[in-house]
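Encoded as structure tokens, the following chain is the form predicted on its own, with no partner shown.
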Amino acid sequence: MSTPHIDAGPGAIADTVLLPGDPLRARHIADTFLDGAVEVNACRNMLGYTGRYRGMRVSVMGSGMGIPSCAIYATELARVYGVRRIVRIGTCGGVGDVELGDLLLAQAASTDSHFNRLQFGGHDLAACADFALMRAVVDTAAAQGIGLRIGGVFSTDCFYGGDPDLTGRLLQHRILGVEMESAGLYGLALREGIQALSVLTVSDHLQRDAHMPAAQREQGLSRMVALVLDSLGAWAA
């Protein structure tokens, strides 16, 4: 049942997968949040684990950086392993009035990538999150008194360089954050018939040259993971 990129056995991966970019963060999440976590993938060092969170079976696996890498893993998880929902958990650069440490739900994702157009006959695709997953996070955050920002993000292929006028365009269109995966994940989720959501922590601000220190970054990401897992548990109950 293995693929060129995932060597997990049949049934080893849960229906729900958390997808951070960094495989070492996947291991940290498994060690910190999951009971009875076992390693299910080590192919290409893209570590994956399956365990339980308050009785709910869940997997967590790295996706690498950028739409092409994320899309490979998400597609194989959906087509070969029967995964039905994927929640990307990561960081983003903030734009406008967001603050460091804000939690951002990516309602929709614009992009400079041609990934979705290649799959959609050259046309623009409205790459949006799954509403049920998004509502679950919104409701859980409200119940726990956790503030959220909900809005558009921009998934770029260019970590360095790119469009020098991009920030102005993002501000003009009320886009709140920049990252590298959500548009591709949302597009393939629509195509494969699965649910997808990106929940992001604002770790840097593109206009202010501001960056979360390491300790704050770790605490902020842990808060985000706990919120996502609590939301999935409440949604599945």
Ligand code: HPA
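Since the structure is predicted, the reported quantities are computational estimates derived from the model, not experimental observations. One-based numbering along the sequence shown.
One more form of this protein should be noted, the form predicted in complex with the named molecule, which is absent from this view; the next part is about it.
The named molecule is not drawn, but in the predicted complex it has no heavy atom within 4.5 Å of Leu171. Shown alone here, Cys92 lies within 4.5 Å of the named molecule in the predicted complex, counting heavy atoms only.
The named molecule in the predicted complex is not approached by Met212, whose heavy atoms all lie more than 4.5 angstroms from it. Using a 4.5 Å cutoff between non-hydrogen atoms, Leu206 counts as a contact of the named molecule in the predicted complex.
Contact here is defined as any heavy atom lying within 4.5 Å of the named molecule in the predicted complex, and by that definition each of Thr156, Phe159 and Val178 is a contact residue.
Here the chain stands by itself, but in the predicted complex one stretch of 53-61, 36-44, 22-30, 197-205, 197-205, has heavy atoms within 4.5 Å of the named molecule.
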